[in-house]
Structure formats: C-alpha cells, structure tokens
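This document starts with one chain, in the form predicted alone, laid out as structure tokens.
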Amino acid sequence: MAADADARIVGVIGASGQGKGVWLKGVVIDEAPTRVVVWDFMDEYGDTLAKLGGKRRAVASMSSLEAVRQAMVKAGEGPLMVRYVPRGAGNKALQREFEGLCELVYAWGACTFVAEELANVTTPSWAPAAWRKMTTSGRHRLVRIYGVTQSPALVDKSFLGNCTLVHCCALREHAHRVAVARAMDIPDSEIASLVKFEFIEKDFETGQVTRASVKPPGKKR
C-alpha cells in the first residue's frame, strides 16, 4: 500500500498541564478521522471521542485486546473509534499490552493512532518491536501516529528521529529540553523560553519552524 501524504508521525511533547493535551485533542476533533485508536493510559479521551463521534456511536473504553480485535474485524474498512485503557500495573505488563495494540493497529491500517505517555512503554534504548515497526513503516499502512510524552529524554530515541512533525510545549527539566532541541535542530533556549500554553513545532517535510499558542480550556476563541 502506498504511503499517504496525511499518514504522518507527530511527536507531541510537554510537561503536565502545559497545553499539549488541549492542542492534540483539538487537532483530533478538527481532523475528524472516522477510524481512530487511542492508547488511553490516563482514561481521558472519552469526551474527545464522544465529540468526534457525533451521530456515530463512539466505542466505549476497552481493556481487552481481544475486544479491540473483534471490533476491528467487524468494522473492516469502515468507521470505528477505539479507546483502549490498559489494565497492566507493571512496566512489562504495560509493554505487552502496548505492543499487542500496535500489532492490531498496524494490521488494521488506514487510521489515526494516539499513543499517550510513551515513557511508560519505551526507553531511550528500547521499544516494543511492533511500535518500532509502526514508526518506521506505519505510513505505508496509512496510519497517522500521534506519540505523546512528558519525558522525551526517557522515550525511544528512534521515535523522535522518525517524526515528520514535532510539537513541543514547555518542559521543566533541562535534559528533556535538550533531547527535543536536538531532535528539532534548534537551540534549547527556544524551548526553555516557552510558557504555559505556548508551543514550538517543526515540520520536517517543509523545514518550517512555528511558534504559537493554544487557547486555555474554557476560554472563547
């Protein structure tokens, strides 16, 4: 299957409460994908998928990979919104669940995949094989990936290297700022100067660097 221009890999980065979730949920709603899967680690995407679903029935949260598989089989090439809330408590259990979900998403294809808090399921030198496959050849399965983390220095290094766009909000720790600045090829002072709800992003397909802000929740546009 040929790569689709919209099947991008987007890194969404920022400390807790700095606006990355506001931005990402807004983007997902604006893009209005009919096929979406969320690794919903914090069980926080229910309202987003409900808004996205409109008259379509948003699938309730799932915590069984078999339930996800069956829903995908039933949907075939049609619309489906899956919000997977992992059950595992330890790192190894979470990693197994995440890899299983990645395998299902890759096989299903042609969808948007949101992976929340990658630092829980990858390390700087390791990532589940299915996730590595997703970030190196997922575009050929027409999968648009949004990988999210508060701790970019602690996630799989190859992920940031494969991103087509990196969106970064404020980061408090120097090591995390340096990791993202290196990946974006910008001075880390650019990231250090960000305040709440500001972001800087780089589109690697155009080379364009943009600095802007998102509207805080509850404020009118």
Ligand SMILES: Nc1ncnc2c1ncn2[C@@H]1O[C@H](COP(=O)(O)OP(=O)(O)OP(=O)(O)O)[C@@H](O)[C@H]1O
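One-based numbering along the sequence shown. Computed from a prediction, not measured in an experiment: that's the story for all the values here.
One more form of this protein exists, namely the form predicted together with the ligand; it is left out here, but the text below deals with it.
Among heavy atoms of Thr112, none comes within 4.5 Å of the ligand in the predicted complex. The ligand is not shown here, but in the predicted complex it comes within 4.5 Å of a heavy atom of Lys20. Interface membership of Phe197, defined by any non-hydrogen atom within 4.5 Å of the ligand in the predicted complex, is confirmed. Residue contact check for Ala15: one or more of its heavy atoms lie within 4.5 Å of the ligand in the predicted complex. Contacts between 143-157 and the ligand, taken as any heavy atom within 4.5 Å in the predicted complex, involve only Gln150.
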